[in-house]
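Included below are structure tokens for two forms of one protein chain, each presented in isolation as structure 1 and structure 2.
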Structure 1
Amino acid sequence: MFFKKKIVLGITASIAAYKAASICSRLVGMGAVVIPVMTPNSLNFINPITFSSISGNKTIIDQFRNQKIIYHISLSHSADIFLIAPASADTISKLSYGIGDNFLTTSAISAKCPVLIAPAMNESMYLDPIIQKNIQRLERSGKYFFTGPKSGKLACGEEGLGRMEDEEIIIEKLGELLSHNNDLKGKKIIITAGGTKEFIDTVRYISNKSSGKMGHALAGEAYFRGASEVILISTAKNLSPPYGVKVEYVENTGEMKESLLKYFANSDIIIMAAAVSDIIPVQKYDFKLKKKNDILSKIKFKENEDILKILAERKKKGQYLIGFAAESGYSTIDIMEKIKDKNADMIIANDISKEGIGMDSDFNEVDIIKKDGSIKKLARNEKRIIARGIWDEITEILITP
């Protein structure tokens, strides 16, 4: 798992800094190439010679020392994974605001690989509302992952939440991220997200509640699992674009279809997470309809194009097509019929009649229903965790001969 993997090990100014030496030693013992990076403040807690000796690599501290190459970029871009253990409240907060004022923060910001953070601090620091917000911001980015802290005796003598996670668990989590990191290697992926808007006139439109959060989470996760190209066709301009993903913004179903057809032939996996408006106005007026001019008689609707079906008709051998079904209650029989009808390989169904999940929520709860009729249930969780579970299922199918 770790053999020949390049791991940047970041150490910050916490009492727990000494524990990083043991983590370094374990990783080196498993064949990893560990590059230690220390914040200048962490030198108050442990000597860099410790990490240089254990890893066999020079410990990097000063970001302006190496003038021949831009080392924070070349190092972070060549790393398979980044681990910051222990991570101080200070470094976590800097990263959450993109502040790169030392070699560790600058290289973490420029990293293209996942960054695993193991916080260690006093409970009052960890539970501070600003620190909690900063952790959430990093987690939501899709690039930063957290492990711990755990409860127990703290360096200050108090009992509480804030001890750095156990070494074994940190290493296990690192291995998990590394193995996921490559399971979409070489794959070209298209994901749609958000609700399409069909304009009636220049100001009015028909749409739905879809926020695009599920599709954005799926796209961000795909990038970190090593996909060679992730194209996100999204209506959700208000969401920040996921890291490493090419985003094409569209507004209506016609534009979404055009964009999909541009990339479809060259793609391996297509996930239709967007909620395409089922109905569109028969006519779109290029002026604002006046209320007094019998507005209701002028607005008529027709069924919209079914883009999942259009793609299914063009699907080639080797392409994997996934649809979403947001329903107020559904039966597996209905979903199986949909899979057949749309020539899809998988449908991800969610019951939008349930409180606090699905469209417009940060949470979801889904049933992953495959062509062979098997079902995998993913319990209610944040959409980024659900996205991970969905990719776990897809990659398992693609890897299993």
Structure 2
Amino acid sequence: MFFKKKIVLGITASIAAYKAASICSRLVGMGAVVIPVMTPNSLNFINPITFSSISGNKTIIDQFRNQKIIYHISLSHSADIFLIAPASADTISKLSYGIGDNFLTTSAISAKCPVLIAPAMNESMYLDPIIQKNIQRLERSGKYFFTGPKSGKLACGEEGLGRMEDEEIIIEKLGELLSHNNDLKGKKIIITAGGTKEFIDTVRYISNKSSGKMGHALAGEAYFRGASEVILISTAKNLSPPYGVKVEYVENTGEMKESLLKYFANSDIIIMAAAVSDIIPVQKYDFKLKKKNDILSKIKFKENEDILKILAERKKKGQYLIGFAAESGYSTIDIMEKIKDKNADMIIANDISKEGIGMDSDFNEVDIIKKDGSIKKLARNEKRIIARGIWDEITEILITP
């Protein structure tokens, strides 16, 4: 698991800094290449020579000592995983707000790999509402993961929550994240997102409330898991593009279909998370219709083409096709019929009649329904966490013989 894996080990200003030496030793013993990085204040707790000696690599402290290359970028971009143990309240808060004022914070912020954080501090600091909010902000990003802390005797003499997690659990969590970080290696992914706009005239259109957040979260998670190429075909121009993902913006069904067919043949996994309009205008007028000119008689609609079905007809052996079903209540029987009708491998169903989830929300709650009829329920959570659960199910199927 750890053999030849490049691990950046960040050490911050905490009395638990001495425990990082044991973690470093165990990782090196398992064949990992460990690069120690210390914050300036952590030098008050442990000597950097300790980590240099154990790892066989010079401990990095100074932000601007390396002049030949921008080292915080080259190091973080080449790392397989990033571990900050112990992590102080100060460092957690800086990462939460994107403050890169030392080598550790700048390299963690620029990292493309998962960042595992093991907090260590007094209970009153850990439970402070601001610190808790900062932890939650980092977790929601999908890039940062936390392990611990646990309860016990603290350095100040008090009993409480704040001791750094046991090194066995930290290393176990590190191994889990490493496996996730490579489970889409070599795969080419296409994901659609957002609601299409089908114009009636130059100013009016028919659309839906889809925000595109679920599709964007799925794309970000796919890149995070090591996919060789992630193409996001999205109508949501207002959302920030996920890091490392190629984004093509479209507006209507025709443009989305054209983009999909351009990449479809060479793709491995296709996720249709976009809410494509079920009906479209029979005619689009190249001027604004006037109300006084009997506007209602000029607006007529027809059923839209089914992109998922079109893709299913072209699907080759080895390609995996996934659809979404946003319904106001649904039955498993209906979804299974849809899977059969559209020749999909999986459909993600969500009940949009439930308040606070689904379209235009940051949260979702879904049923993952597979071709064999098995169902996996994902309880209400942030869409990035839901995206992680969906990819867990997809990758489990792909790696099962």
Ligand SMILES: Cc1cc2nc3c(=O)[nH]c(=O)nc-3n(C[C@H](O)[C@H](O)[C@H](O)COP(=O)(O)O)c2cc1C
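As the structure is a computational prediction, the values presented were derived from the model and not from experiment. By convention here, residues take numbers in order along the sequence of structure 1, the first being 1. Each form is matched to the other, and the largest set of C-alpha atoms that superpose within 1.5 Å is called the rigid core.
Matching each structure to its source, the form predicted alone turns out to be structure 2. A displacement of less than 2 angstroms separates the C-alpha positions of Leu296 between the two structures, with the rigid core held in common. Put the two forms on the same core and the Cα of Asn364 is off by less than 2 Å between the two structures. After superposing the rigid core, the C-alpha of Ser277 moves by less than 2 Å between the two structures. Superposed on the rigid core, the forms differ at Ile117: its CA is offset by 4.2 Å between the two structures.
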